[in-house]
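A single chain comes next, written as structure tokens; it is the form predicted on its own.
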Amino acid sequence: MGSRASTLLREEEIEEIKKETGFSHSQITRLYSRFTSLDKGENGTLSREDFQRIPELAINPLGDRIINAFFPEGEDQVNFRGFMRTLAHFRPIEDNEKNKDPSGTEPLNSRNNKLLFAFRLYDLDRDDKISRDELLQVLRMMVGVNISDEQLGSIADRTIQEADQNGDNSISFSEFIKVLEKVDVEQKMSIRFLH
């Protein structure tokens, strides 16, 4: 199966994906093999249904939000390159990557890009701010029926009160960054991919 995966992925594609995502050659071919095993339609793309077959996402309370992150607005399929681009946000930052790329582009797995990815999980209507209602919806997804609506409302109000610096009763991306400045985002938003 591994040989089939590598023959369908051209060497120049692997090199481009390496540059864009920071994954190694072997990680890319291994993830391509996983991608093709998820591709039930065998058309070189994944659908939301393909992702929903992944047990870890199926049981994750934010599984649907995470799945949505793989799909550009209005799209219902994702190709391998888009799949890798999203996964790159979860690639650990290596010591030699701590400094910015000399070309000026920030790696997909930078702290800022990891935080932007997390922010977008909360920003349900994609208006670049997290409202009380959006925060409530995500909290409800995460805790289910274990907490009353009154308690959830109280948590949402307190969160917005602590984060909101400009008084608009929502959380902007810059306010989100500020609240999470002491959080080890690198550790919490990294998946160890095999080399």
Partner chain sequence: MLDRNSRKCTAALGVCLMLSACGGLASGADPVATKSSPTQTPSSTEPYPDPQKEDLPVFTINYPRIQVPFEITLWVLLASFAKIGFNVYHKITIWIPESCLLISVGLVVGGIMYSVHEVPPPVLSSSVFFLYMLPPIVLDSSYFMPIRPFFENVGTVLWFAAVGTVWNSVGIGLSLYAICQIEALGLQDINLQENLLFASIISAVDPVAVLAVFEDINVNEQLYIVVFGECLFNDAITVVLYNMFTFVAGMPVVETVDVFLGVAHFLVVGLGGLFFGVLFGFVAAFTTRLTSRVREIEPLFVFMYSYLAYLVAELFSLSSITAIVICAITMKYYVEENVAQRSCTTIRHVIKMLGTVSETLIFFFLGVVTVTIKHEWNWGYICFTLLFTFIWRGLGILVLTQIINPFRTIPFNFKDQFGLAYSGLRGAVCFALAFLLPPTITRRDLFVTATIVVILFTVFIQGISIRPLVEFINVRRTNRKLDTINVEIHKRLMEHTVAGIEDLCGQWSHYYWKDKFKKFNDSVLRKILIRDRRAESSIVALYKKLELQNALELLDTTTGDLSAAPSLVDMHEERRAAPKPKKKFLASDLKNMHDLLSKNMYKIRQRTVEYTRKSTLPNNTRAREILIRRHASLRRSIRSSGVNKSYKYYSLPPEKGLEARFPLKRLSYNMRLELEPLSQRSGSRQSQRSTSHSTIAPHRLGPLRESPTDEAANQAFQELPVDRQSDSPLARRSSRYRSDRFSRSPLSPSPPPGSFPEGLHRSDGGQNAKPRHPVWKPYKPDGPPAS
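Model, not experiment: these values are computed from the prediction. Positions refer to the first chain, counted from 1.
Omitted here: the form predicted in complex with its partner chain. The next part is about that form.
Enquirer: Determine whether any heavy atom of residue 138 comes within 4.5 Å of a heavy atom of its partner chain in the predicted complex, and answer yes or no.
Expert: Flag for residue 138 set to yes.
Enquirer: Considering only heavy atoms, tell me if residue 116 and its partner chain come within 4.5 Å of each other in the predicted complex.
Expert: Taking the distances in the predicted complex, the answer for residue 116 is no, it never comes within 4.5 Å of its partner chain.
Enquirer: Quick one: does residue 41 come within 4.5 Å of its partner chain in the predicted complex, counting heavy atoms only?
Expert: Residue 41: contacts its partner chain in the predicted complex.
Enquirer: Within 4.5 Å, heavy atoms only: does residue 149 come near its partner chain in the predicted complex?
Expert: Residue 149: contacts its partner chain in the predicted complex.
Enquirer: For this chain shown on its own, do 81, 107 and 172 all sit within 4.5 Å of its partner chain in the predicted complex, going by heavy atoms?
Expert: No.
Enquirer: Of 148-175, which residues get within 4.5 Å of its partner chain in the predicted complex if you count heavy atoms?
Expert: Result: 149, 151, 154, 155, 157, 158, 159, 161, 162, 163, 171.
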